[in-house]
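Two separate entries follow, structure 1 and structure 2, each one form of the same protein chain as structure tokens.
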Structure 1
């Protein structure tokens, strides 16, 4: 870096001092904190994004969101050129940048890193696409990000305004592939592939049996707003959006996928008038989706259809289409087309879902929490389906298998146009276009769920009967230092503090079908407790007891939800 660049960086960074005594780290989903302390961090992530773009010689993204967290929080994360999360190798550098105390310290970190990574600057493109959710703090944080990007000579910031997180990921990926990357292109791609799937529904399906209306809770965030646009481009599906953010409701406050999934209650605006209706809920940046129904009894609880069940529905459909397709191939050619289909879950997946998926004959893999881990594993299959129980997930198709599928479809269209096999090939191609290949996307997952339910003629109740969830409970415990808990085996075993796992094991052993684990949250300053058991009372009691154990080992002397 030349002298002019160094002095420009020194000057620019002097306007963004880090808050005192705060040590943020690039967690499960980038940096997250109360928005009031994030300006310097976001500025620095702007610098990081510019460097990442120079290094990869590709377009990258920068998203400002705190997803399902409260409206006063915000966050920032980088989207890598392929549309996925920032490479984990760069995360430690992000942490160091965020805590550098002075402009000089920041400059020396950057200089060292640029040399170590051999980041090229001359004659190379650096373009960062920026997006933000609807949080009121978003606009000013976005300005800080732009300042950060502009502090590196030659880097260009392109503000795309308010977007869902998955839209930005999709646009970064599309742009680097040389494909149309506008919001309109996104809407057109997902609405037209939905149309293809609906057109391919077998005639014998009793379509009228499936109600084609779904009522969606938009979490009073960006998802509701975008769904209003998308729904006008669809035929064959009626979407009613509630909690769009326009009626004065507060983002994620008693609404949204996280609230619905964790509390298992109906969001604001849903109640006894909605009994039995197919309802869905998005989170604050629309990368999570869960379904639910309001039951007939007077209990305030809902029947939740979570990410595990969305995964299962997708798995059933894909497996079915593959078997139609490959049956033909095996009979008529020597081409070994057997796709390797696998699923990826985390320890939060309901035990019944894992049993069900294994029973289907699928390979099931576990990773630590955070989609970056799941995504990486899913990408190792020809078709990899990953979901977190909270509703964040997608289906990845490998490039090589997709090329085979395209060729096969062309072949079939010549020899047996309109055959069952060709329809199966077309359905799988449509799924690959509909489902976001960059990251979990509530809007595209919603359309795929709706298309599959119509295809199978299933109600939400029928779908929910695929298997019965084991009762579960999640709690959060505030502790003095959450980093004191470290885990292994996809977060199912706590390695430290010493003795805590033995205490958890002893407690869990008291409950039939008991399963329990703890881990530090990557997005909130808490330890999370997850418990599963044969009855709801038992799951509640196991979670409570383990929360007390956490408190005893690490707490201030009190636990809360």
Structure 2
């Protein structure tokens, strides 16, 4: 790093002083906080993005969003060249950048990191694609990100405007694969893939059993805005979008997938006229999706169809197509014909969903909470499906198996075009193009759900009857120090403080079908409690009892204070 670059960095960073007394940490969501204190952090993440692009000699992305958080919050995160999240190896450097108190400390940190990582600058291009959601603070924070990127000589910032988070992930991945990486290309790929799946619906399917209309809550965010564009490109599906952000509603306020999934109530703008209709809800940046139906009794909870049920629907469909595809090639010596299909969940997955998936004969793996853990495990399968109950998830197809599938489809088109095997191959190829393999994407998942429901002739009620959820309850307990709790076994067993897991086990044993675990929040000093039991009353009671155990061991009145 030459003297001119060092001088430029010193001057540029002096314009973005970090807020006093604030210590942010880079996690699954990147950095996230009240928007008013984020300009310095976003500027520094711009530097990080430029360095990451130089290091990988690839295009990276930078997204300004706080997803399902309230409108006054915002955040920033990096999209790695493959379309996934920032490499975990770089997260500590991100934390150090954010808390450096002076321009001199920041420069020293960057210089040391560049030397350690041997980041090349000469003869190498750096390109960062930027996107933001519809938050009012987004434009100002994006300017700070551009300043950060431009503070590194040779780095180029390309502002793509207002996007869903999954769109930016998709575009970064596409750009690095040498494919068209525009918003129009994204819309065209998922709409044409949806159309292919609809065209391949078996003739015997009683389509009249499935209403082809879905009403979508856009969370007053970017997803509703983009869905309005996408729906005009679709045939075979009618989408009515509400809460698009144009009616004066506030982003994520009484709307959105997070609100619907956690509160189990209908979002603003949905009521008695929607009873029995298939409804869906996106979150603020459109990377989560849940479905629901409005009950006949306005005072009762909605019938929620969450991420676990979406995962199960996808698993059923893909398993069926694999069975058709391999029906006559079981003697084939090419082992790739027998795809290894796996499902990845977290401990928050409802126990009934896990039992159902295992009964289907599927391999089910558990990971700690966080998309980065789920994504990594899913990538180890030929076809890996992961979802969190909150509605964030996707399907990953390995490159090697997709190559085999394309070759198999070409072979079938020559010897048995129009056969059930070839149709199954085409369906699987269409799913791989429709689903966003970079990250969970509410828009592409919505289209895949709708295509599968039409294919099977299922109503949302039929879909929801795949299995009966065990009643559950989530609570959080404020504590002095959340790091006092450490866990193992995919966060289901508390290792410390000593004795707390034994107390939880003793309480859980009192309830039929009881299951309960605790884990520290990644962002605030709270311990999260999750409980399941045979009845809602029992689940509530178990959660309350375990919350008291947590308070006894770790609360403000405990000896740990």
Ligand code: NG1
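Numbering follows the first chain given and starts at 1. Keep in mind it's a predicted model, so treat the numbers as computed, not measured. The term rigid core refers to the most C-alpha atoms you can superpose between the two forms while keeping them within 1.5 Å.
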property: Either 1 or 2, the form predicted on its own; result: 2
property: Core-aligned C-alpha movement of residue 496 between structure 1 and structure 2, 2 Å or more; result: yes
property: After fitting the core, residue 476 CA displacement of 2 Å or more between structure 1 and structure 2; result: yes
property: Core-aligned C-alpha movement of residue 547 between structure 1 and structure 2 reaching 2 Å; result: yes
